[in-house]
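Read the single chain below, which is given as C-alpha cells and is the form predicted on its own.
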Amino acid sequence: MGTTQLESVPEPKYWHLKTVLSDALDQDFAVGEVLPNERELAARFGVARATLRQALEQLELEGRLQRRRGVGTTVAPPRVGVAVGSAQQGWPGEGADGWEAVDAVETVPAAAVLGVLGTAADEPVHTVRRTRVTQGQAVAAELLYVPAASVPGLSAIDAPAGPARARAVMRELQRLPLEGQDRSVELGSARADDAKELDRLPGAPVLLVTTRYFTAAGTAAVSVATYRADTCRLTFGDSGVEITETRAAS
C-alpha cells in the first residue's frame, strides 16, 4: 500500500480516503488478508484516526471489508446478490424461508414492541428466536413476538422447549388467515447480544427490520430482525423495499 498524503480535496476527506483504500484493496491485498492496524494506516495516509474509521466503516457497509472479533479487519470476498424477501406474503416459518428456529420462551417485550402488538404488559407473549445462516456464518438474528391470544391452541406438553417449541408456536400462528403485513427498515448499531450472535463488534452497523403481521382481528405477531449490514443491502423496486443478502461468489 502506498503512502499517498491527502491534502486539500473538494470532497470530504474520509470519502476520498475510502476511494484510495478501495483501489488499494483491489491492487495490493488478497481476499481474507488482514489489514494493518488503524495507527499504521492513519500514519501512512496522513489522516486522523477518526477520519480513517469513517472510511473503514463506509467500506464495511459496502461489503468490501469485514471486521471480525479477535481477528481484525479483513478483505471481504467478491459478492453477488441473493434474494431474501419476495413480493409474496406469508407467515414466518412457511416453506423454506432460510431461517433456523432456536427456541421460544414467554417474555415481556420492550414497551415499543408492546405498543406495536397492542398488548398490555401483563399479557403473555411468546418470543421465538431464529437465526439465518449462510455458508456456515450467521448473517441475521430474529425475535418473533407472538401474543398468547394469537395461538390459543398451543400446548406446552407437545413441545416444552427449544427449537421444537419455536416451531410449534409458528405452526399455530400459520393456522390464522393472514390479511397482510407491513415492514420498516432502519440502520442501527449492534447491541452486545446481537454482536455476539452475529460475530460482530458491539456498535457495528446493522439493518433493523420490523415486520408486523396482521389478521382481520388486528396485529397477530411482530418480527424484529437484525441483519449484518456488511452482508445485506436494500433494494427499492416496484414491489417496495427488498432485502438482499450478499454471499461470496463461487
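For clarity, every value in this text was computed on a predicted model and none was experimentally measured. We call the rigid core whatever largest set of C-alpha positions still superposes within 1.5 Å between the two forms. Residue indices: 1-based, along the sequence shown.
The next section is about a form of this same protein that is not shown, the form predicted together with the DNA.
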With the DNA left out of view, choose which of Val47, Val209, Leu65, Ala220 has a non-hydrogen atom within 4.5 angstroms of it in the predicted complex. Val47
Which of Gly118, Gly72, Gly153, Gly162 has a heavy atom within 4.5 Å of the DNA in the predicted complex? Gly72
Within 4.5 Å of the DNA in the predicted complex, counting heavy atoms only, one of 23 to 31, 220 to 228, 182 to 190, 50 to 58 shows up; tell me which. 50 to 58
Quick one: is Glu197 in contact with the DNA in the predicted complex, heavy atoms, 4.5 Å cut-off? no
Mark Leu201 yes when one of its heavy atoms lies within 4.5 Å of a heavy atom of the DNA in the predicted complex, and no otherwise. yes
For the stretch 16 to 45, I need every residue with any heavy atom inside 4.5 Å of the DNA in the predicted complex, listed N to C. Pro36, Asn37, Glu38, Arg39
Does Arg212 shift between this form and the one not shown by 2 angstroms or more at the C-alpha, the core having been superposed? no
Look at Ser223 and decide if its Cα position differs by 2 Å or more between this form and the one not shown after superposing on the rigid core. no
Fitting the rigid core first, would the Cα of Pro177 be found 2 Å or more away between this form and the one not shown? no
